[in-house]
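Here you get one chain, nothing else, as structure tokens; it is the form predicted alone.
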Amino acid sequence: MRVVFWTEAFWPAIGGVEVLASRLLPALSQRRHEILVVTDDDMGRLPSQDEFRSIVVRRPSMRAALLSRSPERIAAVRAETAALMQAFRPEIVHLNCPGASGFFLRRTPTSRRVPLLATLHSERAMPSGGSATLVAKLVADADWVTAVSEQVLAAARLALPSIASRSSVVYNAVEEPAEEPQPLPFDPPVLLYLGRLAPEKGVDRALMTLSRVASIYPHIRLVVAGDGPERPTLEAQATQLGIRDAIDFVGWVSPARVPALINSATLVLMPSRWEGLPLAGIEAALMARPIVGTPVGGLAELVENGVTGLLVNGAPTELADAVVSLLGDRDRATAMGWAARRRAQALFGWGTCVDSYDRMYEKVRRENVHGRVG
């Protein structure tokens, strides 16, 4: 099947949405889907024509055109996206993480109706403003809507009740690593944050949590793995809290190194303010690490509170109490980690995820009963 995968950002961007896509599309390509990725050129920083693991990638300057407010530039990008669609002749469009670039998708003329699948990755995928927003219109146009967790789906259905009968959950997933989980280290304990350094991830809460836990476990360390716009602010915060020497800011970590990094940790912190279904959480669970986090988005489905980890509100005092309770009970922490691994294997299997999108493409193409592209 010929599939246009339309997404706000794609590899080499390194957020969870982009990493999932970089793994999913080659797997779907092996199922005999011919895929064209249409994404943005990141304000001209990325090439307009590219290839990723034999998948063609095209990057019109969509964001730059919209920010310019120039009718001529917008018209030129419309013509470019129309030419891409007409040349590729997709049998389905998979709109991944709808955003501003969808302006051009809705206004791309096509000679025939193209079925549309939309995938939502966050509780905040449907912004305030009701059904009049661009994203809401894109989602309302879709033949089918998938969400990465039940909580994300519930938020979307609340915002757009019309999609209730044509929407479902496809959980995010990762391939199970070949590396075996190692015993949790306690001497000294190591906390790990793995993800983008962005406000919604609550890394500032992780730092405040460490400052409290360090009064009980003075040799504890926090590894912050990832990069993003908040890094300078977080490093300054660590200095201000007097814990800079207890934190390793290691930057972006390649996917191949992630299992070993998780194996070096005792607990994984996920103090997010909002979430979809974080890949880092699934990876932590597969490496038998308990998670201490907040019950937002798909975290409440990934972590069975009290069984595979602990979920508390985002207050650093509560996060610190949860961390201390597990560090003080090694048997409980270890048991939670292995329970997390079993749960991840059962619910977030990679093959299940790929199979679900494979079947969804066929379903949407076959039924083709709602909305339209163009």
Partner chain sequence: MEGLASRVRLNDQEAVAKIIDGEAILINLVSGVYYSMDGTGAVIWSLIQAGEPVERMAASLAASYDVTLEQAAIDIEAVVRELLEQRLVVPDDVPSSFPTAPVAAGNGTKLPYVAPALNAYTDMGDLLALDPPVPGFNDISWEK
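Residue numbers count along the first chain shown, from 1. The structure displayed is predicted, hence computed values, not measured ones.
This next part talks about the form predicted in complex with the partner chain, which is not shown.
The candidate spot formed by 121, 169 and 205 lies out of contact with the partner chain in the predicted bound form, as no residue has a heavy atom within 4.5 Å of it. Proximity to the partner chain in the predicted bound form, taken as heavy atoms within 4.5 Å, picks out 46-54 from the listed stretches 322-330, 46-54, 304-312, 335-343. With the partner omitted here, the residue from 140, 241, 75, 261 that has a non-hydrogen atom within 4.5 angstroms of the partner chain in the predicted bound form is 75.
Out of the listed residues 161, 183, 218, 71, 71 is the one that sits within 4.5 Å of the partner chain in the predicted bound form by at least one heavy atom. The closest heavy atom approach of residue 189 to the partner chain in the predicted bound form falls outside 4.5 Å.
Not displayed here, the partner chain is kept clear of residue 232 by more than 4.5 Å at the level of heavy atoms in the predicted bound form. Though the partner is left out of this view, residue 135 does reach within 4.5 Å of the partner chain in the predicted bound form, counting heavy atoms only. Within 4.5 Å of any heavy atom of the partner chain in the predicted bound form lies no heavy atom of residue 88. Residues of 281-313 that come within 4.5 Å of the partner chain in the predicted bound form, judged by any heavy atom, do not exist; none qualify.
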